[in-house]
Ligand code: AMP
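Okay, so here's just one chain, in structure tokens, the form predicted alone.
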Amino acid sequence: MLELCWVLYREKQKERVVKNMLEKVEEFNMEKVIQEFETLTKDAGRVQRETLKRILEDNASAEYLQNLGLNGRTDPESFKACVPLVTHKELEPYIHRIIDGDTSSILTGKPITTMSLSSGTTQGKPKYLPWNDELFETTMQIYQTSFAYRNREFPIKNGKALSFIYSSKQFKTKGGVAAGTATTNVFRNSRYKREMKALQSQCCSPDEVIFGPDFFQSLYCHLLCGLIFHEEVQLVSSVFAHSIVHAFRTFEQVWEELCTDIKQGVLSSRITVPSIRAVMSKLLKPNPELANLIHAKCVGLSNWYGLIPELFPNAKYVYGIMTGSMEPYLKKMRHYAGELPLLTADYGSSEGWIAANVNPRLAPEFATYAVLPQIGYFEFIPLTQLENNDASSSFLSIDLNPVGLTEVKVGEEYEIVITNPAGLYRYRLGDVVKVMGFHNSSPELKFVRRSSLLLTINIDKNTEADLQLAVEAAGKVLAEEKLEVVDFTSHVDLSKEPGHYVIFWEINGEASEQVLGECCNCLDRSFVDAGYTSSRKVNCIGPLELRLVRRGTFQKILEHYLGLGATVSQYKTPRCVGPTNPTVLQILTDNVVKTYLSTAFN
């Protein structure tokens, strides 16, 4: 029965890829999607082998695979024996050939005609990644699965969604290949638009706002659309939590202008893009009653707590990716959301999707993601292997021995290796996850951190998670003056001996010298890694430095990445600024207003 189900599933998937791009989307069947997921995860090992076989069969003619000597074999053992673990660096020569117009079968059986760009916030510049219809299909499978489980718990019907989503334009590389950010390639797909209308409430904002060329004008109009349809809004969402927080911080600044627009029925002069002005002018009509209601609500709020349910009384939850580098924004998210639930979105990357949130009632801090075994082939490198691997040796050490999807152990941490339908084979994603349990036979993962060390000078090893904990601890000291950290990042300063950590903070007001000095000491004390504390005590690492930057500095960093072609939908604040992004370091340095040195280990 299971084998027949799998055969039917494969045939169904092929039909979708070939036909569904242009077909009318049928009414969404929530229970059918749940049942399909339950069936596939009951024998995840078998589904994984079939998924690998499908990927290798479809791409058997690819030059990359042929050169590795697979000779048409599709079993996991041959695959692992012939195909090496790689990072993006090893695939760049092949990807650049595609970008330059080589239409032969290089990484995939069929030519790649579209490239996705990563955000670039981790490495300092965007990466080009192959994109094809099969990868889009996996995206829709993730969306459908998570929506089915989410909507079972929090039903949404006949309403609208205030979605802070933004899409840049696709462009052509010099070789004629279409390119855009990963979110752009999804948002601009006609099938995505149709299916998302079937899956959830219709977006408040017209396409002209979503695809507008100016992020700031689009954001203003997203807010305006939400207010116009305030009673119909049933959920507030964005790709990342950062975008939601940024949107309502912006609202705090422009709410009176928005009320004036609604009252007079005339769009603000700040909106200059003709297509946006035209579509918004059709939506906007004089409505003094609504303007007065919004004004009264804003005046009556205490420090903007519960702003979202106050503005949108029928909203049922707030939705977006809230784990990993988004966790620092949870406190502010909860402030704006009040009693509304926060639901974290699915787990994936620009390279491809991995797992869906099928337990939506879990708070973001405890969220787990169940791997969809049919959307890619997954391997897991035990973290103990990485820790024992000499950091000075090749990142692709032959000593690494990944395990399969169903071979992982509960409580253990692993780095994910992905093989997808778009030409990434045994690709080291760089994410570390912890196995929290199993959904049937498919693991449920908790995102832990990026595998690369964030801060290290001597024998210290502090990750993004360690940095976040330190900032949270120091933030409690700052809260004594009713202030908060707007955003933060870090830097390892080796310009003089001994090297030391630098933490950049942007805060939302003026704090006393005494409190900021204590914040600096608290940051230093909160890095509890034994290598760090022992190195600090013997002065092999110098005193931590807290550099306060002026308001709007992290906005300038965002603008810098937007200028490089990133979209706000993919933007993540870089948590460690090093040699790969000197422009960001210069922006931070140019905007420092105060500096403090720790005395914690004196």
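Keep in mind that this is a model prediction, so the values were computed, not measured. Just count from 1 along the sequence shown to find any residue number.
Separately, the form predicted in complex with the named molecule exists; it is not shown, and the next lines address it.
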**Prompt:** What is the one choice in F380, Y220, Y347, F312 with a heavy atom within 4.5 Å of the named molecule in the predicted bound form?
**Reply:** Y347
**Asked** Which one, V236, L478, L429, A337, lies within 4.5 Å of the named molecule in the predicted bound form by heavy atoms?
**Response** L429
**Request:** Give a yes/no on whether V186 approaches the named molecule to within 4.5 Å in the predicted bound form, heavy atoms considered.
**Result:** no
**Request:** May I ask you to check whether T406 falls inside a 4.5 Å heavy atom distance of the named molecule in the predicted bound form?
**Result:** no
**4.5 Å heavy atom contact, I503 to the named molecule in the predicted bound form** = no
**Prompt:** Any chance C520 has a heavy atom within 4.5 Å of the named molecule in the predicted bound form?
**Reply:** no
**Request:** Sort through 275-283, 524-532, 204-212, 322-330 and report the only stretch with a non-hydrogen atom within 4.5 Å of the named molecule in the predicted bound form.
**Result:** 322-330
**Message:** For a quick check, can you give me the residues of 564-599 that have a heavy atom within 4.5 Å of the named molecule in the predicted bound form?
**Reply:** Q570, K572
